[in-house]
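For reference, the chain that follows is the form predicted on its own, supplied as C-alpha coordinates.
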(Lines give C-alpha, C1' and ligand atoms only; values in the text may rest on other atoms or scores of the structure.)
Protein backbone atom coordinates (compact mmCIF):
# COMPACT_ATOMS: atom_id res chain seq x y z
CA UNK A 1 0.00 0.00 0.00
CA UNK A 2 1.21 3.48 -0.84
CA UNK A 3 2.31 6.17 1.55
CA UNK A 4 0.11 9.14 2.39
CA UNK A 5 0.43 12.74 3.55
CA UNK A 6 -2.86 13.72 5.16
CA UNK A 7 -4.31 16.86 6.72
CA UNK A 8 -7.41 16.51 8.90
CA UNK A 9 -9.11 19.78 9.81
CA UNK A 10 -12.21 21.09 11.55
CA UNK A 11 -13.43 22.50 14.86
CA UNK A 12 -12.20 21.38 18.25
CA UNK A 13 -14.53 18.71 19.64
CA UNK A 14 -15.10 16.96 16.29
CA UNK A 15 -12.57 14.22 17.04
CA UNK A 16 -9.94 15.47 14.59
CA UNK A 17 -6.97 14.57 16.77
CA UNK A 18 -8.45 11.20 17.75
CA UNK A 19 -9.04 10.32 14.09
CA UNK A 20 -5.41 11.12 13.27
CA UNK A 21 -4.12 9.25 16.29
CA UNK A 22 -6.06 6.08 15.45
CA UNK A 23 -4.89 6.16 11.83
CA UNK A 24 -1.29 6.62 12.98
CA UNK A 25 -1.56 3.77 15.49
CA UNK A 26 -3.06 1.51 12.83
CA UNK A 27 -0.11 2.22 10.54
CA UNK A 28 2.36 1.45 13.34
CA UNK A 29 0.54 -1.81 14.07
CA UNK A 30 1.15 -2.74 10.42
CA UNK A 31 4.88 -2.03 10.79
CA UNK A 32 4.79 1.19 8.79
CA UNK A 33 6.46 4.45 9.67
CA UNK A 34 3.97 7.08 10.80
CA UNK A 35 3.88 10.55 12.33
CA UNK A 36 1.00 12.44 13.90
CA UNK A 37 1.24 16.17 14.55
CA UNK A 38 -1.71 17.96 16.19
CA UNK A 39 -2.34 21.69 16.12
CA UNK A 40 -5.20 23.45 17.85
CA UNK A 41 -6.24 26.78 19.28
CA UNK A 42 -6.55 27.54 23.00
CA UNK A 43 -10.29 26.85 23.04
CA UNK A 44 -11.42 23.54 24.47
CA UNK A 45 -14.34 23.26 22.04
CA UNK A 46 -15.20 25.19 18.89
CA UNK A 47 -11.75 26.52 18.02
CA UNK A 48 -9.75 25.28 15.07
CA UNK A 49 -8.18 21.87 15.21
CA UNK A 50 -5.94 20.24 12.63
CA UNK A 51 -3.52 17.41 12.52
CA UNK A 52 -1.19 15.97 9.96
CA UNK A 53 -0.55 12.29 9.50
CA UNK A 54 2.27 10.96 7.37
CA UNK A 55 2.42 7.22 6.65
CA UNK A 56 5.28 5.68 4.71
CA UNK A 57 7.16 2.45 4.12
CA UNK A 58 10.46 4.29 4.66
CA UNK A 59 11.58 6.52 7.55
CA UNK A 60 9.85 9.92 7.54
CA UNK A 61 12.00 13.04 7.38
CA UNK A 62 9.37 15.51 8.63
CA UNK A 63 5.82 15.44 9.97
CA UNK A 64 5.06 18.74 8.21
CA UNK A 65 2.63 18.46 5.30
CA UNK A 66 2.62 21.41 2.91
CA UNK A 67 0.73 19.92 -0.05
CA UNK A 68 -1.27 16.90 1.09
CA UNK A 69 -2.29 14.04 -1.16
CA UNK A 70 -5.27 13.43 1.13
CA UNK A 71 -7.54 15.78 3.08
CA UNK A 72 -10.41 15.31 5.48
CA UNK A 73 -12.31 18.56 5.98
CA UNK A 74 -14.96 18.55 8.66
CA UNK A 75 -16.25 22.12 8.26
CA UNK A 76 -16.49 24.99 5.76
CA UNK A 77 -13.56 27.07 7.11
CA UNK A 78 -11.31 24.02 6.75
CA UNK A 79 -12.49 23.47 3.18
CA UNK A 80 -11.76 27.10 2.35
CA UNK A 81 -8.30 26.96 3.93
CA UNK A 82 -6.98 23.57 2.85
CA UNK A 83 -8.57 22.77 -0.53
CA UNK A 84 -6.17 25.13 -2.36
CA UNK A 85 -3.17 23.43 -0.72
CA UNK A 86 -3.93 19.89 -1.92
CA UNK A 87 -1.80 18.50 -4.68
CA UNK A 88 -3.46 17.59 -7.97
CA UNK A 89 -5.15 14.20 -7.78
CA UNK A 90 -5.46 14.33 -3.98
CA UNK A 91 -8.35 12.62 -2.23
CA UNK A 92 -10.67 15.13 -0.55
CA UNK A 93 -13.06 13.68 2.04
CA UNK A 94 -15.76 16.25 2.80
CA UNK A 95 -18.10 16.23 5.78
CA UNK A 96 -21.19 17.16 3.76
CA UNK A 97 -23.17 17.83 6.94
CA UNK A 98 -21.01 20.91 7.70
CA UNK A 99 -19.53 21.98 4.35
CA UNK A 100 -22.11 23.91 2.37
CA UNK A 101 -20.27 24.29 -0.93
CA UNK A 102 -18.81 21.95 -3.51
CA UNK A 103 -15.07 21.90 -4.07
CA UNK A 104 -13.78 24.58 -6.43
CA UNK A 105 -11.10 22.36 -7.94
CA UNK A 106 -11.81 19.74 -10.58
CA UNK A 107 -8.45 17.99 -10.17
CA UNK A 108 -9.29 16.32 -6.83
CA UNK A 109 -10.96 12.98 -6.08
CA UNK A 110 -13.90 14.10 -3.95
CA UNK A 111 -15.94 11.97 -1.58
CA UNK A 112 -18.71 13.86 0.22
CA UNK A 113 -20.27 12.03 3.16
CA UNK A 114 -22.98 13.31 5.49
CA UNK A 115 -21.05 12.13 8.52
CA UNK A 116 -23.54 13.57 10.99
CA UNK A 117 -26.43 11.62 9.44
CA UNK A 118 -24.39 8.41 9.35
CA UNK A 119 -23.44 8.87 13.02
CA UNK A 120 -27.01 9.72 14.02
CA UNK A 121 -28.17 6.51 12.35
CA UNK A 122 -25.98 4.75 14.92
CA UNK A 123 -27.39 6.89 17.77
CA UNK A 124 -23.84 8.09 18.44
CA UNK A 125 -23.11 11.54 16.96
CA UNK A 126 -19.56 11.40 18.35
CA UNK A 127 -18.48 8.83 15.73
CA UNK A 128 -18.80 11.16 12.72
CA UNK A 129 -15.00 11.31 12.66
CA UNK A 130 -14.77 7.53 12.26
CA UNK A 131 -17.33 7.68 9.43
CA UNK A 132 -14.97 10.00 7.57
CA UNK A 133 -11.95 7.83 8.35
CA UNK A 134 -13.82 4.87 6.84
CA UNK A 135 -14.51 6.95 3.73
CA UNK A 136 -10.83 7.83 3.45
CA UNK A 137 -9.76 4.20 3.78
CA UNK A 138 -12.19 3.16 1.05
CA UNK A 139 -10.73 5.78 -1.28
CA UNK A 140 -7.08 5.31 -0.19
CA UNK A 141 -6.57 2.01 1.65
CA UNK A 142 -3.26 3.03 3.23
CA UNK A 143 -4.01 0.76 6.22
CA UNK A 144 -6.48 -2.07 6.71
CA UNK A 145 -9.70 -1.33 8.55
CA UNK A 146 -8.86 -4.27 10.82
CA UNK A 147 -5.74 -2.39 11.91
CA UNK A 148 -7.84 0.63 12.88
CA UNK A 149 -10.11 -1.70 14.85
CA UNK A 150 -7.04 -3.04 16.69
CA UNK A 151 -5.84 0.52 17.35
CA UNK A 152 -9.26 1.39 18.79
CA UNK A 153 -9.22 -1.70 21.00
CA UNK A 154 -5.78 -0.72 22.27
CA UNK A 155 -6.89 2.84 22.97
CA UNK A 156 -9.97 2.31 25.11
CA UNK A 157 -9.59 1.12 28.72
CA UNK A 158 -11.35 -2.10 29.78
CA UNK A 159 -14.45 -0.30 31.06
CA UNK A 160 -14.90 1.45 27.68
CA UNK A 161 -14.19 -1.45 25.30
CA UNK A 162 -17.87 -1.37 24.30
CA UNK A 163 -17.02 1.79 22.31
CA UNK A 164 -14.81 -0.17 19.92
CA UNK A 165 -17.76 -1.83 18.21
CA UNK A 166 -19.66 1.40 17.52
CA UNK A 167 -16.52 3.06 16.16
CA UNK A 168 -15.84 0.09 13.88
CA UNK A 169 -19.44 0.19 12.67
CA UNK A 170 -18.97 3.89 11.88
CA UNK A 171 -15.82 3.05 9.88
CA UNK A 172 -17.77 0.49 7.89
CA UNK A 173 -20.61 2.94 7.18
CA UNK A 174 -18.13 5.54 5.98
CA UNK A 175 -16.42 3.04 3.70
CA UNK A 176 -19.77 2.00 2.24
CA UNK A 177 -20.74 5.66 1.63
CA UNK A 178 -17.46 6.22 -0.22
CA UNK A 179 -17.82 3.00 -2.22
CA UNK A 180 -21.16 4.25 -3.56
CA UNK A 181 -19.36 7.30 -4.97
CA UNK A 182 -16.09 5.81 -6.23
CA UNK A 183 -15.94 2.98 -8.75
CA UNK A 184 -13.58 0.32 -7.51
CA UNK A 185 -13.45 1.66 -3.94
CA UNK A 186 -13.27 -0.81 -1.08
CA UNK A 187 -16.45 -1.16 0.95
CA UNK A 188 -14.84 -3.58 3.34
CA UNK A 189 -16.35 -4.77 6.54
CA UNK A 190 -14.08 -5.28 9.49
CA UNK A 191 -13.75 -8.95 10.32
Partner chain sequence: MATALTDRVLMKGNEAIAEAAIRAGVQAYFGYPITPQSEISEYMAAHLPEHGGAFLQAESEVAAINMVYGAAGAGARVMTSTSSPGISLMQEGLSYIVGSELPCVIINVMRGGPGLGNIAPSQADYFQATKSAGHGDGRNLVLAPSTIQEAADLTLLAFDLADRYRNPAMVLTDGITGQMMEPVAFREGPSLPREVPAWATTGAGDGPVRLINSIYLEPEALEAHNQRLQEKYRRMQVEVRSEAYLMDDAVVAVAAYGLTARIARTAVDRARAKGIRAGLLRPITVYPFPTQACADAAGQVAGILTVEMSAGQMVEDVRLAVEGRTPVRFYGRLGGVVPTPPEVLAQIERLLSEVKAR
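Computed from a predicted model, the values in this text were never measured in an experiment. Numbering follows the first chain given and starts at 1.
Absent from the display: the form predicted in complex with the partner chain. The rest refers to it.
- Remark: of stretches 22-30, 140-148, 157-165, 120-128, the one touching the partner chain in the model of the complex is 22-30 (heavy atom within 4.5 Å).
- 34 is the sole member of 152, 49, 70, 34 with a non-hydrogen atom within 4.5 Å of the partner chain in the model of the complex.
- Interface residue remark: residue 76 is not counted as part of the site for the partner chain in the model of the complex, having no heavy atom within 4.5 Å.
- Taking the partner chain as positioned in the model of the complex, the only residue of 74-97 that brings a heavy atom within 4.5 Å of it is 87.
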